[in-house]
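Next up is one chain by itself, shown in structure tokens, the form predicted on its own.
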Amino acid sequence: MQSEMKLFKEAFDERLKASISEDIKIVIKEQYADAFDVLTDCENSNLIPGIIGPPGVGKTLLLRAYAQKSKRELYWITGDEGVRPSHLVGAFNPSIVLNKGFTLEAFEPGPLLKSMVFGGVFGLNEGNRLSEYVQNSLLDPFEERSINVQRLGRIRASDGFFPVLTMNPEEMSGAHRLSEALRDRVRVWIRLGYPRKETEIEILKLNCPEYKLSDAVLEKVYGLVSSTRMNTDIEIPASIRAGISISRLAAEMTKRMKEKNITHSTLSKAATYVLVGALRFRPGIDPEPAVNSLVRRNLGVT
């Protein structure tokens, strides 16, 4: 058992180092360059920003790039109905409390507290999916830059602490509105939409470096995913991630079949596999035939 744990620790430490040195694949231009600059301005002026945009448009990736450039850690959590204040701040480990009492050693900090102590970037992803009760637990950290940790005392955040809220548009299914109190603390709003065609194709290329994807294939992938964003039958359209997935899957399928180029047929199959799960249609619409029709209309088969 000790030998197994030692091997696991060595492998775990290696993966930690790999994560730290990992290049972030992001195109910092146009709206992303503007957003990056505004994040810098917000931090320098002690204002808390919120980033609003549809899923897969690069909100969290932008924060990762911002934290990396400023040589800080990004601590983040994704909001949903199950998140409680203890998931943000941390909680005591009952087994350690039994032996050592309510000491700092028995406390397991959450991402919000870590970012306040170490001076990191705190990303609250999909913050509008949190209940109002949890949203209101963020008021002190966001406004006063301090927080009371039960049984341990009140701490003040390090200078490098920078909270950023990211959220999907409020009209999307499953999203709550921000409480008035929390909205008042978020002073600047940065909107991200789907990028221009040339920029999105550049993002596709950046995320498929090992494949020699032709411009024609990338054009077709972009044409397909962008068509879902104008389709009134689709509630949640294809994201940039969906385009990357289609491109990579089609390239691997072509390689496995030892074909020289990606055919219409292979691209159509890859697109169908991806879009069946990536799209959300209006109630009453059967996803599979709807995706098949969408793919045939945009790509065709051979």
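Note that residue numbering begins at 1 and tracks the sequence as displayed. Bear in mind that the values here come from a model prediction, so they are computed numbers and not experimental data.
FYI, the form predicted in complex with a small molecule isn't displayed, but the following is about it.
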Q) Is Phe36 close enough to the small molecule in the predicted bound form to count, meaning some heavy atom within 4.5 Å? A) no
Q) Does Ala250 reach the small molecule in the predicted bound form if we count a contact as any heavy atom within 4.5 Å? A) no
Q: Consider Ile203 of the chain shown here, and say whether it contacts the small molecule in the predicted bound form, taking contact as heavy atoms within 4.5 Å.
A: yes
Q: Considering only heavy atoms, tell me if Lys25 and the small molecule come within 4.5 Å of each other in the predicted bound form.
A: yes
Q) Can you say which of 60-68, 254-262, 230-238, 268-276 gets within 4.5 Å of the small molecule in the predicted bound form, counting heavy atoms only? A) 60-68
Q) Would you say all of Pro55, Asn168 and Asn207 touch the small molecule in the predicted bound form, counting a heavy atom within 4.5 Å as a touch? A) yes
